[in-house]
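Below, in structure tokens: the form predicted on its own, a single chain.
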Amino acid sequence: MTKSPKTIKITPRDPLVARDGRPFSEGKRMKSLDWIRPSVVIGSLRTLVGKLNQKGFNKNTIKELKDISITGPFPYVNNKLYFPTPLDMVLKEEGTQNSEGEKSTYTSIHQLKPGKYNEGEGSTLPRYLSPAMLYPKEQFKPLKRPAFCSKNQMTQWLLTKDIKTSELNKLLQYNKKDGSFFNNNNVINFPKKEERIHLKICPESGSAEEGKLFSSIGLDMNIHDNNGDILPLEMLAKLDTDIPQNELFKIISKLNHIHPCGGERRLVKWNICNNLEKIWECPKEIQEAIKREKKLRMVLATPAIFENGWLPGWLTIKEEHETKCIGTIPGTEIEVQLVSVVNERWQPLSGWSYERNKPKPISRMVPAGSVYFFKITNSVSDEDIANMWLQSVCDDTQLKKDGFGLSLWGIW
């Protein structure tokens, strides 16, 4: 049994359609999500590998295909890997005026982290959770966050304990004209959505046939850099295959094909890269900081599905002298106590099961970018830290293989 991590580059040739699960038929609009789900990408990849295997989709083949595990996909632009912007990052628009009366704007960063209630304050949070408070304390209307941060930018954020002393505030700029962010391409927004109108023309009359009209919305996988130049927005994913070096392994090792991904059978190129393995490694400065600190922060890099809603199944609520939520991080021996959580409302996940030939039941996902704050209650080893970087924290084994619940780690 050989475990062989590989990096696959996914280059869209057409705007991708990431369906949102709403009903679609003739005369209706096909909507698209802001970003494609991990399950769509790994499903398309397994179908491609199964077709290239040319032995049909029998039970044994399906079992081997479902064992293929994926990390990602994440945006990859101009040789930089991007992760979802964490929800504990809060942006504020600031204004300045020079001596000549000219006004300009810039963006300052605030952070959410566990705090305490003032006298007379309270909430309906569980007793084991502290409220996530804005720091520095100030009242303002937050700006919309950029969708993704580069790995370098994310590393700086995960090492930030006090935003007042962080260099991040000097880096982020805000383009008020169109609401976009730019910072030497260290942050990017979601792809722009492109709408296409489809119809069937009657050859006899030359007019549209009755009811043969619909529209689709796809993600335009091109972005503009600071100079206005167009850059292709590709995707990177890491494959971990626990399968022996059989036919499927050989197919994956030589993957260089064009195959549909997402709705409307839009085409992408799937290509194995052999020189990008280090891009998935945990930064050394984060490993050193986690060993030094006892306050641990987990950021979800992909949406997660847990047994208990927003609460991972590997955390248990203990009622002793005080109520605590404690557990051991999956794949490690690190014991933690949950302190606070920053997340948004749940997102739905559904789809069609070709294995069972019926719709999949709807699941509730914790959004990517959600942040969990912990206290470490035992010692931490280098091996444990390396093992938990970009590993899934979902409770279900198949969801882990499908790329849900991937986690980034830092301090607070």
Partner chain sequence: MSEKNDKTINFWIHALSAIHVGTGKGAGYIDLPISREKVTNWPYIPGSTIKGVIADYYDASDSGDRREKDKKKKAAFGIAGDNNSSAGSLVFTDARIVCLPVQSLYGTFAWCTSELVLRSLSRDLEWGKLCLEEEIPVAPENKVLVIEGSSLIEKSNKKIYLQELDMDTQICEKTERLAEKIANLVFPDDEEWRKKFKERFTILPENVFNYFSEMGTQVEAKIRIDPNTKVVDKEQGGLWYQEALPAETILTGMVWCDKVYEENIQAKELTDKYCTGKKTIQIGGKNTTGQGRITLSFMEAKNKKED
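Residue numbers count along the first chain shown, from 1. Treat the numbers as computed from the prediction; the structure is a model and nothing was measured.
There is another form of the same protein, the form predicted together with the partner chain; it is not shown, and what comes next is about it.
For the options Lys92, Lys192, Lys295, Lys318, the one in contact with the partner chain in the predicted bound form, meaning a heavy atom within 4.5 Å, is Lys192. This chain is displayed alone, yet in the predicted bound form one of Lys80, Lys291, His257, Lys324 has a heavy atom within 4.5 Å of the partner chain; that residue is His257. Although the partner is absent here, Arg265 lies within 4.5 Å of the partner chain in the predicted bound form, judged by heavy atoms. Using a 4.5 angstroms threshold between heavy atoms, Ser353 stays clear of the partner chain in the predicted bound form.
Using a 4.5 angstroms threshold between heavy atoms, Arg145 stays clear of the partner chain in the predicted bound form. In the predicted bound form, at least one heavy atom of Pro203 sits within 4.5 Å of a heavy atom of the partner chain.
Heavy atoms within 4.5 Å of the partner chain in the predicted bound form map, among the stretches 150-158, 134-142, 71-79, 217-225, onto 217-225 alone.
If you take 195-210 and check each residue for a heavy atom within 4.5 Å of the partner chain in the predicted bound form, you get Arg196, Ile197, His198, Lys200, Pro203, Glu204, Glu209, in sequence order.
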